[in-house]
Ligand code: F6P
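Shown below, as structure tokens, is a lone chain in the form predicted on its own; questions about how it binds or moves come after it.
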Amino acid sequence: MRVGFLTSGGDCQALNATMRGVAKGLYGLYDDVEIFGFLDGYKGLIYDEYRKMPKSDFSGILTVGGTILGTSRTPFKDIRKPDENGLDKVESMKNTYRRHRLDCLVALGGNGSLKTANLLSEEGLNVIGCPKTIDNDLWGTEMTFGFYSAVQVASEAIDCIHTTAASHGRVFIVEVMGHKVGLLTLYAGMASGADIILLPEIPYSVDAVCRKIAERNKGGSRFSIIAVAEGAISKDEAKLGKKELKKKMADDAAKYRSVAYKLAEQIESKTGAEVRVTVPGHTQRGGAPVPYDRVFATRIGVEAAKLIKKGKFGNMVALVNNEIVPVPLAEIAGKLKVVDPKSSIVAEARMVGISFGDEG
């Protein structure tokens, strides 16, 4: 059995744990296994940059963050475009697969990476996808590995902010990763007792945010914590057309480092409050995976190995109703799972007093 591994897109915790699960699963199912690790994501498959991975590579990596294969971003929108030397990337990946006489390619990645995995599947390659992203925004699965580890990091950042915010009586804004989907911000904000949570899916009003801060001050709370997703937008921005919004974002990017800094300036201007911004940034992708992710990644990996044994290619390994099941790549490719503003978790957050900045 000859299998290729690659990790594509942004790194996260539990990539190594997942590869370990696949490898150990394969070793248990086959007497003879060769694993080819393609370096730096699809780039390695395109340019045939790889290394053979012996059993020893999968020892001691369960708790190691990042990816031992390296990763890079190969945007799906550019995958059909020739490279600077005129190389057809898709044909090159197919040729690499066939040159090494692979029986399957296991692609660990998020939305864009699994769109490419589906394309290769449609091109005739045997492909299995594993759901990686700290955003937990992949359609067709209830969970992605890396999510709870990132929630842990973001939550700890907000936890640490609480004491200094209380000591100084300040408003603190903590900017959490998430351009299009706010699940990470929602979970981290709820886990850490944020007073206001701003998400891409629920456009906010600065006035509503300021009213919440004033309400807390009136109630005797000297500080407020705002967890904002990096892709959060205001109600006014949500009304703009696609081109208008893109221009507005470009104009804001020239003036502010991020949405958190823009919001800080607006709050200070309207309330006179002292506002500080904290951006955990790429720490949210780093460090060791939390125990949940270690277990989940192992389950995903082993079930991927079982799908290979059964010849059930063209699938992503997913969590559905707390069971690990195959979901066709064609059904999930290009679809995002977002926060439903009317979901029970949002309603529950509101019931404990959290504002989403959309009131009034």
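Each residue number is its position in the shown sequence, starting from 1. For clarity, every value in this text was computed on a predicted model and none was experimentally measured.
This next part talks about the form predicted in complex with 6-O-phosphono-beta-D-fructofuranose, which is not shown.
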Answer for K242 alone: is it within 4.5 Å of 6-O-phosphono-beta-D-fructofuranose in the predicted complex, judged on heavy atom distances?
-> no
Contact flag, R285 vs 6-O-phosphono-beta-D-fructofuranose in the predicted complex, heavy atom cut 4.5 Å | yes
Contact label in the predicted complex: E230 to 6-O-phosphono-beta-D-fructofuranose, heavy atom within 4.5 Å | yes
For R257, is any heavy atom within 4.5 Å of 6-O-phosphono-beta-D-fructofuranose in the predicted complex, or not?
-> no
Name the residue from L198, L263, V151, M177 that puts a heavy atom within 4.5 Å of 6-O-phosphono-beta-D-fructofuranose in the predicted complex.
-> M177
Since exactly one of R73, K270, K235, R170 fits, which has a heavy atom within 4.5 Å of 6-O-phosphono-beta-D-fructofuranose in the predicted complex?
-> R73
Looking at 129 to 137, 199 to 207, 248 to 256, 162 to 170, which lies within 4.5 angstroms of 6-O-phosphono-beta-D-fructofuranose in the predicted complex, counting heavy atoms?
-> 129 to 137
